[in-house]
Ligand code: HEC
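This document starts with one chain, in the form predicted alone, laid out as C-alpha cells.
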Amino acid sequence: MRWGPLTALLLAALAAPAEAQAPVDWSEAEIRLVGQHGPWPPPPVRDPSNRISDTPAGIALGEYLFNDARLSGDGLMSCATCHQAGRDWSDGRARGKARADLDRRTPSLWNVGHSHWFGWTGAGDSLWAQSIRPILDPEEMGGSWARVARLLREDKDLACGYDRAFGTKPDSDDERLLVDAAKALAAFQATLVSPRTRFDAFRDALVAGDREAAARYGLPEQRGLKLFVGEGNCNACHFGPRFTNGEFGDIGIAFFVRPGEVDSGRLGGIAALVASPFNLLGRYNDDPSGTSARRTQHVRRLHSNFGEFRVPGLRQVGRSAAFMHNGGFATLEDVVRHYSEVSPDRLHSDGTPLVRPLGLSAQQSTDLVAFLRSLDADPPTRPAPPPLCP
C-alpha cells in the first residue's frame, strides 16, 4: 500500500512520543501577586462588637442554637436546614428554599467570620446582626423575639449555656436575648474556616523558592493561576487569602427576578442596613471604642450601587451547586464563559466597570477552571459539640 505525504505525516506524529508541556515561568511581580493570596489558614478572628466572639462557651452555645429548629416559627427549620455542613455550609440549591421559595442562592458560610459586610447585599454590618435577619424573616424561619427568648429561659441546657457564655442568667428583655442568641450564632459561624488546598501548597512553595514542591502543582492549574493574576485581572476583586475584596460589584447579571420586579442589590441592602436597629451604630454594639462602626457611619447610597452584589470568596468554589447570587449558572465552566463573553451593555452600573469580556480561548478557559478547582479541598469531619453544661 502506498501512503500519500499527508498520511505519512499524520502517522509519524502519532508514533512520536508526546512532547512534555513547557513549564510555567513566574516573574517576581507574579510571585508577589500569588503570595498575596495567603498564607492560609488565617489567625482566628475576634469581633469587637460581640463580647462572646472567639470564646469557647459562646461558640458552644452558638453551635447548639445553629442546629435547633425551635428558633423557627413552626419549629421545623434551623439555621442548619439551609446551611448544611455536608454541603459546604450551603444547601445545594440554585436558589434558597425556606418557608417560601427565595430569589437568591444560599451563600456558603465558609470563612464568613472574616467578612465586614454580610449577605449578598451587605444589609448586615456584623455577623450577629446578619444572623438575626433569617430568624425573623417570615419567608425564611419566621421566628420572633419572644420565641427565641422563651427558648433561652425555659430550656435547661440552653439557659445553662447562656449563663456560661454571658455570665448571667437569661433576663426578661426579649430583644436583648434575641441579640445575644445571634451573637452566639456568630461566634460559632466564625469558626467555619475552609481547609488548606493544593493551591496553598503551591503558593507557599513558590514564595519560598522551592521549585521541587511547586512542580507538584499541575501545569493547567499554574497557567490558570497566571491568567487569574495577570491578563484576566480576576484578582482585582477576588483578592487576598479569601479571594475576595469583601465589597460589591456589578458583573452583568440580569436584575429582574420576575416580570415587573427587580433585585436592586447593594442599593436596597444599604437602605436595610441604615434602617436596622441592630446595626453597629445602635445600642447592641459591644465595642466601646466605636471603631467597628466606622464603615457603617460612612456608607452612602449611590445610584451606582444598583445591581451590585457581594464579591464572594473563591475558596471551595468548585464544590458549589450553582453560582452567582441568583444561582443563574450551573457550572464553573458557565461562569468562566460569562466572563469571557459578557457584554458591556449588560452592566447596569454608572460607575467604573469592573468587568470586560476576556475573550478566552478554549485552552485558557479550561486552565482557569482547573485553577479554580484547585481552591477546593475535602473538609475534615467535625466532631460532635461538647455538652453545654457538663
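What you see is a predicted model, and the numbers here were worked out from it, not measured in a lab. A residue's number is simply how far along the shown sequence it sits, counting from 1.
Beyond the structure shown, there is the form predicted together with the named molecule, which is absent from this document and is the topic of what follows.
Which residue, I270, A98, L152, V179, has a heavy atom that falls within 4.5 Å of the named molecule in the model of the complex?
Contact residue from the list: A98.
Out of Y284, Y217, F309, F166, which one falls within 4.5 Å of the named molecule in the model of the complex, going by heavy atoms?
If I apply the 4.5 Å criterion carefully, the residue I get is F309.
Does at least one non-hydrogen atom of L372 fall within 4.5 angstroms of the named molecule in the model of the complex?
Yes, L372 lies within 4.5 Å of the named molecule in the model of the complex.
Taking heavy atoms and a 4.5 Å cut-off, does W40 contact the named molecule in the model of the complex?
Flag for W40 set to no.
Please determine whether F228 contacts the named molecule in the model of the complex, using a 4.5 Å cut-off between heavy atoms.
Within the cut-off, so yes.
Look up in the model of the complex whether L354 has a non-hydrogen atom within 4.5 angstroms of the named molecule, and give yes or no.
Within the cut-off, so yes.
Which one, 156-164, 190-198, 207-215, 311-319, holds residues whose non-hydrogen atoms are within 4.5 Å of the named molecule in the model of the complex?
Within 4.5 Å of the partner lies stretch 311-319.
Enumerate the residues of 59-85 that have a non-hydrogen atom within 4.5 Å of the named molecule in the model of the complex, in sequence order, or give none.
Stretch hits, in order: F66, M77, S78, C79, C82, H83.
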